[in-house]
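We begin with a single chain expressed as structure tokens, specifically the form predicted alone.
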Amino acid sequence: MKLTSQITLLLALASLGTVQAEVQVNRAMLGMFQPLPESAENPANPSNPAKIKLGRMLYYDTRLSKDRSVSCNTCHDLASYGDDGAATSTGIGQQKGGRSAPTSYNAALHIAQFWDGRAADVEAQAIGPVLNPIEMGMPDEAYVLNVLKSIPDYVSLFKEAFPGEENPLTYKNVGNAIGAFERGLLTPAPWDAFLKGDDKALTDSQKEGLNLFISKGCVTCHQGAGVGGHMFQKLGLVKPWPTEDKGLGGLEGKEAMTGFFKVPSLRNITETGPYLHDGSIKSLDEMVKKMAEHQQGHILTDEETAKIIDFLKSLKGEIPTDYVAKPELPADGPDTPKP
């Protein structure tokens, strides 16, 4: 077949939708992202199998709450992509918290923890809710340690997890153990394969969504390995956002940061609604449109929104089911406090 005939045939087939050009993404623009690392280690809290095992137990143990009704997993459900699907979580005595519980998956990669960044890392974050009167309600650190020391197997497990320490069962080490476990909560996704060079890991529609994600300015805040989680930003940067929550401005010495919050990671975002610090936005469609408008000054069409959401689906990873399986917990000792 002559070249001109081949071209004519290809044009005809294309007009019928039979031949479609693959959507291209400018890979030079992807330097602002990174694939998930293989681990999220903390040099100040080196992990070991015994520490991770202990941290997994503590994560699931409701005895870290005053009435034995709440564990870390209650609000950060590992079987449900690390959150509880509620606008705000329920603590002891059916009390409601003031902010939405973010997912614990991939959280160890973030710049800081909590919406206002008041904890430096997952180790510090893990022990905060335990003493919060609305969340887990323990009266003080000494009470927590008294409970744990009354459980013989926990005494042994802390010794195994922190070998060489004269007094391994400390409140700080409760956070270190849970943090070591949480640092393994990583969820590689098709997006990571794409970043590593596999162009087929994303569909054409997802690539179109990625192009829009970049061109509409979403990457201003949502970048890095977490596709977010690496900076703080004012909510309502271009168009004011109605909220009474001061964010970082509610912390002593940070009054000038009123309205600033930690930018959430978009990994698994299709699975972790409702959205925002207060869980006030129920649908991802609405969230994408409102963020484009209030943060970048763009009004997205329904088609553009749908394509961006299709891209966000590529950030959904697999839950590491074996790693997060609920363990058998140590039995109470004869002196363990009861609610």
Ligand code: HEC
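Predicted model only: the values in this text are computed from it and were never measured. Numbering starts at 1 and runs along the sequence shown.
The following text describes the form predicted together with the ligand, which does not appear among the structures shown.
- Of the residues L248, L186, L202, C72, just one reaches the ligand in the model of the complex with a heavy atom at 4.5 Å or closer; this is C72.
- In terms of contact with the ligand in the model of the complex, the residue from L210, V263, L148, M138 that brings a heavy atom within 4.5 Å is V263.
- Annotated contact segment (heavy atom within 4.5 Å of the ligand in the model of the complex): 231 to 239, selected among 191 to 199, 140 to 148, 231 to 239, 158 to 166.
- The ligand in the model of the complex is not approached by G224, whose heavy atoms all lie more than 4.5 angstroms from it.
- Remark: Y154 does not count among the residues lining the ligand in the model of the complex, judged by a heavy atom distance of 4.5 Å or less.
- At the 4.5 Å threshold, heavy atoms of Y275 reach the ligand in the model of the complex.
- Using a 4.5 angstroms threshold between heavy atoms, K254 stays clear of the ligand in the model of the complex.
- Contact check for N176, G333 and T336: none of the three has a heavy atom within 4.5 Å of the ligand in the model of the complex.
- Contacts with the ligand in the model of the complex, taken as any heavy atom within 4.5 Å, map within 82 to 101 to S89, T90, G91, R99, S100, A101.
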